[in-house]
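Before any questions on how it binds or moves, here is one chain, the form predicted alone, in structure tokens.
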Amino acid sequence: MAHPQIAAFARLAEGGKAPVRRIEGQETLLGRASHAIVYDEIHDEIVVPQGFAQAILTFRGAANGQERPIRVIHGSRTQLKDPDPLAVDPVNNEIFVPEDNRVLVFAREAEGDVAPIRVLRVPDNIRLRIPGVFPAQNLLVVSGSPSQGERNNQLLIFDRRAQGDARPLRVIGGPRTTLGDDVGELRVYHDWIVVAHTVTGKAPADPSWPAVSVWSVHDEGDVPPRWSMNLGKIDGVSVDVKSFDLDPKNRAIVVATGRKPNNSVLTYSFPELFEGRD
């Protein structure tokens, strides 16, 4: 049976190589249902949601073995119910956690049963999912859809400091965006919004495919992505993206899959995204 762990691999590892280290064991407080992991490069920390415990765990970047988190946000005052995706702003020292139609914002160094420092709310029929923060522009982007049952995803762009019933500054959404179907992870890089999602064919018989698409944070309305990369198939099976991250130094995107193909880490070259941003 699979057990909760964070595995670190050499960047150039390939095939069935073993990880160079693992964070695992009861002392870590990790749960099997954690679907997000964020590395804070400035403070050399790893931040992980723990949905079963309704908690946010922070580890040292070099953590290994049965090492306890250095901080845990947990308790009734946090308002955490089922934290899954999250974003860390290492410049302004904040953690952003979507919960249904709200975004809970915590101080990065918060610990224990602490209340959010602010809460952003959208209408009750909007379900917020994946956040990303642009510290230099003081912007927050969150993917969302009108309801859990509808495939009409959008990218909502807010002032980073927004709270209460604030309106987005801009919304990216509509048929030309191809965001209508499943939206997974979201990352930000300079002024680019990078999204992993499923593109559905225009006709019912058309196949769908996994993609990573890019918009500018200044885009608005029903606009196609600046770039979109079809992740294709491995051994005849479409890639099932569970998470991804950006590798600017090597101008690549690193994709972690689920069962398709079986629990793999894939690296794709994507120089267009990083061109002129060194």
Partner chain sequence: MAIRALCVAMVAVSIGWGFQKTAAKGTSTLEARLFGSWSLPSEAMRVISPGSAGTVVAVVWQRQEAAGVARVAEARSTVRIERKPIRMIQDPYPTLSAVAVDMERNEVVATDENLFQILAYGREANTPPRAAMTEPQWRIAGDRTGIEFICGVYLDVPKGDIYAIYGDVPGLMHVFSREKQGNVPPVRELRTGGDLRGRGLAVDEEHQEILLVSQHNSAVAAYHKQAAGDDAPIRLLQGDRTGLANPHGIALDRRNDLIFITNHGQASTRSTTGVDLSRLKPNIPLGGKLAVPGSGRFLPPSISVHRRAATGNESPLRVIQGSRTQLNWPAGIIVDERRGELFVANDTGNSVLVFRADAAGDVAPIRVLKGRDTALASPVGLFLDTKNDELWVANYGNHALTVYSPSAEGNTAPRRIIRTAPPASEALMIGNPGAVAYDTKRGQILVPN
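As the structure is a prediction and not an experimental result, all values here were calculated from the model. Residue numbers count along the first chain shown, from 1.
In what follows, reference is made to the form predicted together with the partner chain, a form of this protein that is not presented.
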Original post:
Should the three residues 90, 138 and 183 be counted as contacting the partner chain in the predicted complex, with contact defined as a heavy atom within 4.5 Å for each?
Top reply: no
Original post:
Just to confirm, residue 112 within 4.5 Å of the partner chain in the predicted complex by heavy atoms?
Top reply: no
**OP:** Give a yes or no for residue 164: in the predicted complex, does one of its heavy atoms lie within 4.5 Å of a heavy atom belonging to the partner chain?
**Re:** no
**OP:** Report whether the minimum heavy atom distance between residue 187 and the partner chain in the predicted complex is within 4.5 Å.
**Re:** yes
**OP:** Look up in the predicted complex whether residue 79 has a non-hydrogen atom within 4.5 angstroms of the partner chain, and give yes or no.
**Re:** yes
Original post:
Is any part of 44 to 65 within 4.5 angstroms of the partner chain in the predicted complex by a non-hydrogen atom, and which residues would that be?
Top reply: 44, 46, 50, 52, 53, 54, 55, 57, 61, 62
